[in-house]
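In structure tokens, the next block holds one chain alone, the form predicted alone.
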């Protein structure tokens, strides 16, 4: 059985007109003699509306009930897609996570898929049916509805492709592929035809909004190729695949950035073994992600200045947790909400010397000051003043010849 998994994002199902359009895409794969499994997100904006309702009811809404309500958005879009296909003469029905069922483990709102029951879906496919499966959701060992994180419909599609041994997994969205950077910032940004899991994982983690990082990690671990395509234009997209399948003349494949960073510096922290752990433990327990970290030890080795970055939406909670932390002592806390992170990504930097110099030199030529630096095997990130963000992205895009 030749199976293709098609995932449609919230903008792709954002109106009746768009739902009618994607049913044409689904039918086109049937005409190519594929058995089609569809995974759908909720209509764009619907999950946010449902989440807002929970906040109006309670400031401490139960996680299990939160998942139960936000998972209903996909029920609407899946039913509408199935209804349109039936109207066009095709056998189709919607399937919610618990009906498949899709089994998950982990905490509510952050679960992960561990198994998909294939029996009923395969039976339906053999009858010529088109199953429309709700993304973003499953059930746990207690038969409670769970969700797998915002953007989780991508992860649903990837894991369904794995368990059904699909030939293709295609993510349909409102963009026509992965670009070297955001075309809204750099109009000369180019579409990347093929990109490695590792590069895409870094770019997503660093601000590219094509797919959620955990979805790409699932694809990488299970060696599932993903094609990202537009549901609005009938043009080729970008393939996310294994490293050895890619040949590229570019050392750097893309420039990513974030706009929602805040920098916190603790000045004059009393230095002792375990102090960093004492600072970050409350943040970890409150699900606050710490990104770039820099520590400077004083000459007398008794005090340290510790700088780190977080998402700006976590700033108030982080400040409160730090000020209320009795395990640490410091002289002052300095906060900067006007910073952005700019990163270059590419597997080519592993074997190419001079990349770091070129990046720093290009920024220096434009008089852009680097506040914090962090690196990994295939990326270099710098923190800069937010006013210099566009200039930094533009100069790095040119420096590494991504315009051509």
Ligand code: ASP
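Please read all numbers here as calculations on a predicted model, not as lab measurements. Numbering follows the first chain given and starts at 1.
Quick note: we don't show the form predicted in complex with aspartic acid, though the next part is all about it.
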| item | value |
| --- | --- |
| Candidate stretches 146 to 154, 318 to 326, 269 to 277, 117 to 125 - the one whose heavy atoms come within 4.5 Å of aspartic acid in the predicted complex | 146 to 154 |
| Contact flag, residue 95 vs aspartic acid in the predicted complex, heavy atom cut 4.5 Å | no |
| is_contact(residue 343, aspartic acid) in the predicted complex, heavy atom dist at most 4.5 Å | no |
| Aspartic acid contact at residue 38 in the predicted complex, heavy atom, 4.5 Å | no |
| Proximity of residue 136 to aspartic acid in the predicted complex, heavy atoms at 4.5 Å | yes |
| Within 4.5 Å of aspartic acid in the predicted complex, all of 42, 47 and 74 (non-hydrogen atom) | yes |
